[in-house]
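Single chain ahead, written as structure tokens, the form predicted on its own.
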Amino acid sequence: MDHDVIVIGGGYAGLSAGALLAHKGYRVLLLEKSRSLGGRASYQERDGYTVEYGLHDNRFASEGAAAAVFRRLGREIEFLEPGDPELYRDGRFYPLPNSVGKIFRSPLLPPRAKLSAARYLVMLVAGNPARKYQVSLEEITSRCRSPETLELLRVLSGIGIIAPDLRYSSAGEMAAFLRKALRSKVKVGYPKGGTRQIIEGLREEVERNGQIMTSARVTRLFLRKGTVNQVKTESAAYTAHAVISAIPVQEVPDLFAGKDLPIKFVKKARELVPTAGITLDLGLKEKVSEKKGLLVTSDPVTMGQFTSNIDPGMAPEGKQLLSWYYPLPLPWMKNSEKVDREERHLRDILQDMFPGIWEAVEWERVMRLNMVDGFLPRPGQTKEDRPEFTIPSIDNFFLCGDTTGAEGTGGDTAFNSALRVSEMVDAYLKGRKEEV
């Protein structure tokens, strides 16, 4: 065999799985279709700015999933602490009431709404989140008569699990997030240097005992006697004892040309709906705000931050970098007129928040993304519903990434899946060696 492990995909999940296995001494080959690493967490240099692919704070910082991967590698992520999150409403910024204590201190909520909001948060956190997976937040709040409470829950669900529409937000997934958030000493951390620190750290670990090939799109996987015996790219073919797919599970059936996979798996993979929306990055030739925390609006739910206020190295001196995200339903993304309207709305929101901002713009980047996180955490797409890490009919093939049944959403799911899959591949390879 050419390698011990082939990893398909160089995003957070693939890099993490490859790094963990290379750290254990396995010969790893990582194949990435793009010219750069990072996938949906990639970054680029632009006129002295470090521009990321959307918002990439790390939930729970040193207590989170990315930090857990790095600890396994004997490394640490250097986190910077953003400011407290704020909610913009009626022309003013307010502290975001994201805990029971803050709810009762918030000027945004009248007395009855404070009681109502606190009661729903306690209701969500109490008990086993798994019992609420197939229940939507809309069902949980069906008797709620407080518009302020519903507004707050939309915001918390929007920023917590990227599901602002209560109809399509799993109460169980939200409960699992809230339970961890309330226990964590640090709610969020921003990696110094942005995603670059994480991507480059993982790349170094892979290359200690392996190889990374970019611009290497995998076009086909070939099976023989229940194992993947060949990985083919546009220009070459490779073999390995184990193969990890760290691309969105929606694309996995294509690697097998629609053959050889269980129908149930293919159906589940094809039907998995991602989060989507508009991202807007602005390079500003002058500072328009000193705010360091996540900034949120409630109608519609949008969110963003000045990454250069957290880490001045993200923009040239005296200038500023703003990244903003407006989550939208995937079906909307197919209607260009509707997305045009929502983008104009977002621009009006930013003008209202930061008067004169558009005169300060040096450059802008707008992306209309059909996939932001790999799955929308709604009933039917929860941790217990998404594809597992293996396919029963294939012995040496493993699934990794933010479309699997790992805990969390987005990057957390990617890192947690890598932790789990690296253990599974290690056990598989050790077992195979013992058999030989």
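So that there is no doubt, residue numbering starts at 1 and follows the sequence shown. Remember, predicted model here, so these are calculated numbers, not experimental data.
Although it is not shown, the form predicted in complex with a small molecule is what the next lines describe.
Put simply, of P82, G172, G210, P248 only one has a heavy atom within 4.5 Å of the small molecule in the model of the complex, and it is P248. Note on the partner interface in the model of the complex: the residue among L166, V125, L255, I77 having a heavy atom within 4.5 angstroms of the small molecule is L255. Taking the partner from elsewhere, G401 is found to have a heavy atom lying within 4.5 Å of the small molecule in the model of the complex. Proximity of L376 to the small molecule in the model of the complex: non-hydrogen atoms within 4.5 Å are absent; the residue sits far from the partner. Proximity of C144 to the small molecule in the model of the complex falls outside the 4.5 Å heavy atom cutoff. When the small molecule is considered in the model of the complex, A41 lines it closely, a heavy atom lying within 4.5 Å.
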